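Take a look at this single chain, the form predicted on its own, given in structure tokens.
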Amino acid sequence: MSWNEEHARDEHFWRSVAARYDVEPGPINLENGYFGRMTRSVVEAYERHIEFINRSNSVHVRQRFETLESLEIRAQLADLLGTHHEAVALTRCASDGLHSLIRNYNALQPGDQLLVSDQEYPSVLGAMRWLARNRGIELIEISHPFPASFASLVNTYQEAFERYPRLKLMALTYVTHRSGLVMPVQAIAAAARKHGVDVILDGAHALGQIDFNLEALGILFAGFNLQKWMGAPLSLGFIYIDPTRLEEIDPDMGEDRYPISDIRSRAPYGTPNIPAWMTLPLVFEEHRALGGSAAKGARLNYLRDIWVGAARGMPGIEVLTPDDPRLYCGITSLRFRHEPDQQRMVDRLLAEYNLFTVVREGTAHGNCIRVTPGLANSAEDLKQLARALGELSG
């Protein structure tokens, strides 16, 4: 067991972490995948920045934020990722950035094909369908076998690359929002590269709970969120483009505020949430102080394992996410085997056990109930879920 895995079990320490969050009285929230909580100190800093920008208005923004502070924040983000400063640009969310990458990818030719799977986020799937329609490109849509394994996921893409030799571009989701399935990105990206297929990575749920290196993954284009597992204010994400491939993404909607050699011209332009941006240095500082994505991810995985370990032995429960440590994170989904309406069971978990979860739909293997613990949750919260599942599945 690694140090992070041992540390993840230290309830005394994690209670001190949970105490940094203000939590509204009510149900136990096991739906932390929508967006993340900010710590109390981040909320207070955000509020100070809102008040300051409201007082100073454009004087500070024009004189300091646009010319200095935004560049420093961008550099800190790049340093956090271990990449070049010129490879990142902030956006309003991962979807904003991914849409820009998809619609402005300019390396498609007549006869090329695009690839998506049933694990893509709806807005990414919609954007790829839009791209196919508007460029006259064929879209290939595949479904992954269930239950998934490392080999089956890689093989499904390998078979698609061999079956469709005109593939040029694909979307790939790092952590699927429905079940928390973690795709073997490095292996898939390597196979794609051998077949001349470019990958646009949806990393919305990855940053903050998976420790990764973009260069090692072999990823050239990606979109991420800062408002989920990083704990930043809402309205913050970013895009990553390998500097050697910047020319294959056109400036967004002809954006000319920045030079064509500047990645910021590829991000949708508008007045940003400046106070939220100004809060990011504190977000990054707290993230590092906690141990970064490796420590956060280990804690979330430990909380996940508490309820999944119990649920695996319940005949009435089907856990949809595999237990291969390479393929799961804190997010995991389940299904009541003999219940056609999973929403009814979500309602019962809330009404009878004070547990808030959510139904996700859209995959080939059907609807599911998503369970997503956060850093404000305790081990006892997940034990309570395990007890509830045992009673409801009996």
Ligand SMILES: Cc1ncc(COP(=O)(O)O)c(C=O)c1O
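Here the structure is a predicted model, which is why all the values come from computation and not from measurement. The first residue of the sequence shown is number 1, and the count goes up from there.
As for the form predicted together with this ligand, it is not shown, yet the points below apply to it.
If you check this ligand in the model of the complex, you find no heavy atom from any of Ser149, Met183 and Thr321 within 4.5 Å. Just one of Leu169, Ile188, Ile249, Cys93 comes within 4.5 Å of this ligand in the model of the complex, counting any heavy atom, and that one is Cys93. The partner is absent here; in the model of the complex, the one residue of Leu303, Ala204, Val283, Ala222 having a heavy atom within 4.5 Å of this ligand is Ala204.
The stretch in contact with this ligand in the model of the complex, judged by heavy atoms within 4.5 Å, is 174-182, chosen from 312-320, 191-199, 263-271, 174-182. At the 4.5 Å threshold, heavy atoms of Arg299 stay clear of this ligand in the model of the complex, well away from it. Contact between Ser117 and this ligand in the model of the complex is not found at the 4.5 Å heavy atom cutoff. Contact annotation for Ser100: none of its heavy atoms lies within 4.5 Å of this ligand in the model of the complex. In the model of the complex, this ligand sits beyond 4.5 Å of every heavy atom of Phe161. Heavy atoms closer than or equal to 4.5 Å to this ligand in the model of the complex belong, across 256-272, to no residue whatsoever.
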